[in-house]
Ligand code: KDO
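Single chain ahead, by itself, as structure tokens, in the form predicted alone.
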Amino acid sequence: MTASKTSAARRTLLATSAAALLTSALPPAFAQAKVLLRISTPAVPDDWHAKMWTVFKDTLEKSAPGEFDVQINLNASLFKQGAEPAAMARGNLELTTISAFDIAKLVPEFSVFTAGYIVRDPAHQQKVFNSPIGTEMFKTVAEKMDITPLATAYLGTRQVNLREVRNVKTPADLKGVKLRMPGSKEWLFLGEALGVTPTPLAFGEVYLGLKTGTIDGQDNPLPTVKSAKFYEVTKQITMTNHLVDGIFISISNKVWNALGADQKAKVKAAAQAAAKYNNDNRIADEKQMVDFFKSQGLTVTTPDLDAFRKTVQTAYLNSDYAKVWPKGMLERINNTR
């Protein structure tokens, strides 16, 4: 080998070695960028809806180590509640939870899940959304909102909480009761269907309203009754189970569509693990709370739920709300066992 050839060979070897050293020195982000998953939630740290996101993050890191950068933002610190869908459309947010009421604003047919006595209990909720019904409805949400629901998280079951003990068996027994309801027309309609006189009042004013008699009662899931201390100014809880509510762990289509099939499967599995963690703990909490309220001197009763369900569903079927529901959807939900 001539001197010139030897020199050229050395230069090639040195260049190759330098390139290899440079590549090995690069941070992992340059070698393979992590998929950013920013989460925005209004939930406070002690809420199961906040804790479930840690389950999501840990599950995903275990199944796909180093592939995702999951950033959890609690207390609506990243986006205000209700602003998340718009942020997802702009590409400023990847994951959030969204309520049936918020979905129904843009997907009217989803309003079937905001009506009273549609979902019977948490187990029925999971069966419905894990069935072809859920697949169809979530597909419509993805098409109209550009987000994809991944799992259904149980929010709680609303019960009627009264200032004075009352014999409540059917909706007729609630006639004349001034029941505080959230102020939207959808909530007020539900109150009317229950047989009460729905009275809009800001949540922060409910305790005083119950104490002074401005209202005769309020409706909320049992954990809210406890945390807001409504049991201090009421004497009865009637287990009407009139709305089994849920929120949906959802991801921006922009991110979802960019994932590979394996990544999609892992993200969805992590969302379902998070939802199950929330659901199991929230259901256990609710079961314990009946005994707590009894220990505080409240009377806890169960009315004729079939009478309530029939009356409320009839009211909805005769309203404008049902006109936008997919044909046969109510029957399919009722028949899901």
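Quick note: we count residues from 1 along the sequence shown, nothing fancier. Fair warning: this is a prediction, and the values are worked out from it, not measured in the lab. Rigid core: the largest C-alpha set superposing within 1.5 Å between the two forms.
The same protein also exists as the form predicted in complex with the named molecule; that form is not shown, yet it is the one meant from here on.
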### Query
So, in the model of the complex, is W187 in contact with the named molecule at a 4.5 angstroms heavy atom limit?
yes
### Query
Does D47 reach the named molecule in the model of the complex if we count a contact as any heavy atom within 4.5 Å?
yes
### Query
Does the named molecule come within 4.5 Å of any heavy atom of T41 in the model of the complex?
yes
### Message
So, E94 and the named molecule: in the model of the complex, are they within 4.5 Å at any heavy atom pair?
### Response
no
### Message
Can you confirm whether Q81, R180 and I247, the three residues that make up this candidate site, all sit within 4.5 Å of the named molecule in the model of the complex, judged by heavy atoms?
### Response
yes
#### Entry: Partner-proximal stretch of 151-159, 255-263, 192-200, 86-94 relative to the named molecule in the model of the complex, 4.5 angstroms, heavy atom
151-159
### Query
Ok, S111, Q126, T224, Q236: which has a heavy atom sitting within 4.5 Å of the named molecule in the model of the complex?
T224
### Task
Check each residue of 217-242 against the named molecule in the model of the complex and list those with a heavy atom within 4.5 Å, in sequence order.
D219, N220, T224
### Message
After a rigid core superposition, would you say the CA of Q159 moves by 2 angstroms or more between the shown form and the other one, or not?
### Response
yes
### Message
For F230, does the CA position differ by 2 Å or more between the shown form and the other one when the superposition is done on the rigid core?
### Response
yes
### Query
Rigid core fitted, then: does T140 show a CA shift of 2 angstroms or greater between the shown form and the other one?
no
